[in-house]
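Read the single chain below, which is given as structure tokens and is the form predicted alone.
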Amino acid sequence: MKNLLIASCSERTGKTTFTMALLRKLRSKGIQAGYFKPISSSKDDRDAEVAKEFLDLPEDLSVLNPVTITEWDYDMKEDGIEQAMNRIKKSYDELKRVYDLLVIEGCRTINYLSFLKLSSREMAGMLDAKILLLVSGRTDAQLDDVLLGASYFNDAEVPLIGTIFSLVPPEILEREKAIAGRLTKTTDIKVLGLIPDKGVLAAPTVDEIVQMLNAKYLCCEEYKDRIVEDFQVGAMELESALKFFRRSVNKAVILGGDRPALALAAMETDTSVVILTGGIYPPSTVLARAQERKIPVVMVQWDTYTTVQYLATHQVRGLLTLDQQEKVKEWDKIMNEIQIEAMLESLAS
């Protein structure tokens, strides 16, 4: 059986979470399947660490993720590239002694590191893998991504077993199913499943947001695993605050530390975390109420506008962890709809 490399034409398609959910499903079927991420694109990449914990993997992180090459490392010399390839091959050989099938998480995008001949296309050839292409299903433009990806891999005679539309808005799910059928009929590229864009699937935890913002907990850090499905900015007059905050659940409320009355109003609604901006400590009444409501309050040094802009341009998507049982159950349901048997047949042929 060939290995399976999960690749994507664009970032933020949920590749890491899908890879872990797929491995969980394969293992439930009795398949000895392992996780491998040959190359990370950031020194802060935690994907292998999260996968190790979620899947209870015995291997060291240096084996699961042997190489990191950032976008500033394209000046790497030939001997550096050779050393990277040797580390990847060494880890691969170690993992293949244990597992019948490796699910390999591709790096960033399909063409990342093409200049160094270390892209997903080269990795698939080196690691005896076929490709599953994950594309964003937010618009019909994913069809262009599928055709681009198929051409990219076909040029190197790397087999593509199919594609999955990810992050499909629920309101266009039926439309995308029809488009998937048309794609298979006209191109012979199999669409092996669709993943709806449910908030709970990709929602980050409070702590993931705190880490991204380099924020400081002021209270209730023990509730850091609460899910954040929406963001609201507290910039209104107090009279209209409650009505506004009630529009959303499981939310993060971002407001100035000098607006304690708004913070108190937010905590009377379904709020996961209050993010105070400007480096301003709130009055003790705010923290006392937060303790009663079990709502973390955190503080950042940036002003509100900068904080909101940063969150908008650095979309944080939550990873899959065992303590997020609601998310795990939702992913299990989705994996039941993915054509796993067709996938395995393609890998075996």
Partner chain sequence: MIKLLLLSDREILENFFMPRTVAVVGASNNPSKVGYSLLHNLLRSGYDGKIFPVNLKDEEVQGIKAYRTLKEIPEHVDLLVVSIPSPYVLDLMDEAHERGIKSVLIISAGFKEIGPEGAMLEQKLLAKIREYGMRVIGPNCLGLIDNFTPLNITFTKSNSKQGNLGFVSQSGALITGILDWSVKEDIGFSKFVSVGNKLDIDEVELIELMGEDQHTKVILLYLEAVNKGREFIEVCRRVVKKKPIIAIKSGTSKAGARAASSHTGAMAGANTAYTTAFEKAGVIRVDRIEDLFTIATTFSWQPLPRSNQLCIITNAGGPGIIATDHAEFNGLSLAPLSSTTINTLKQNLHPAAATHNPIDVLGTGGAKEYRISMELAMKDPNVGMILVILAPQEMTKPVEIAEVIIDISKRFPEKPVSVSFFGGKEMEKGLELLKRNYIPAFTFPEKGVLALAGLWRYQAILSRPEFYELPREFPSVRKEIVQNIFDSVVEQGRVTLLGSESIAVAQAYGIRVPQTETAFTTNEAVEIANRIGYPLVMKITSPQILHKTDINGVRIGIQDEKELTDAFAEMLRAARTHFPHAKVIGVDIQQLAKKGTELIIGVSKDPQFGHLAIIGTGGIYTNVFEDVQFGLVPITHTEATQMLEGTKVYSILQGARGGKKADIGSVIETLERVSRLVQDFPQMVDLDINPLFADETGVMAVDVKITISKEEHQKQKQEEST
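Since we're looking at a predicted model, the values are computed, not measured. Throughout, rigid core stands for the largest set of C-alpha atoms superposing within 1.5 Å between the two forms. Residue numbers count along the first chain shown, from 1.
One more form of this protein should be noted, the form predicted together with its partner chain, which is absent from this view; the next part is about it.
Among heavy atoms of residue 46, none comes within 4.5 Å of its partner chain in the predicted bound form.
Heavy atoms of residue 56 never reach within 4.5 Å of its partner chain in the predicted bound form, leaving it off the interface. Using a 4.5 angstroms threshold between heavy atoms, residue 172 counts as touching its partner chain in the predicted bound form. A residue is said to contact a partner when one of its heavy atoms sits within 4.5 Å of a partner heavy atom; residue 287 meets this definition for its partner chain in the predicted bound form. Of the stretches 75-83, 94-102, 268-276, 151-159, only 268-276 has residues with a heavy atom within 4.5 Å of its partner chain in the predicted bound form. At a distance of at most 4.5 angstroms from its partner chain in the predicted bound form, all three residues 243, 248 and 264 contribute at least one non-hydrogen atom. Contact with its partner chain in the predicted bound form, judged by any heavy atom within 4.5 Å, is made by just one of 177, 216, 87, 138: 138. With the partner omitted here, the residue from 71, 237, 188, 144 that has a non-hydrogen atom within 4.5 angstroms of its partner chain in the predicted bound form is 237. Core-superposed comparison between the shown form and the other one: the Cα of residue 257 travels 2 Å or more. Core-superposed comparison between the shown form and the other one: the C-alpha position of residue 295 differs by no less than 2 Å.
Annotation: Cα of residue 231 displaced by less than 2 Å between the shown form and the other one, core superposition.
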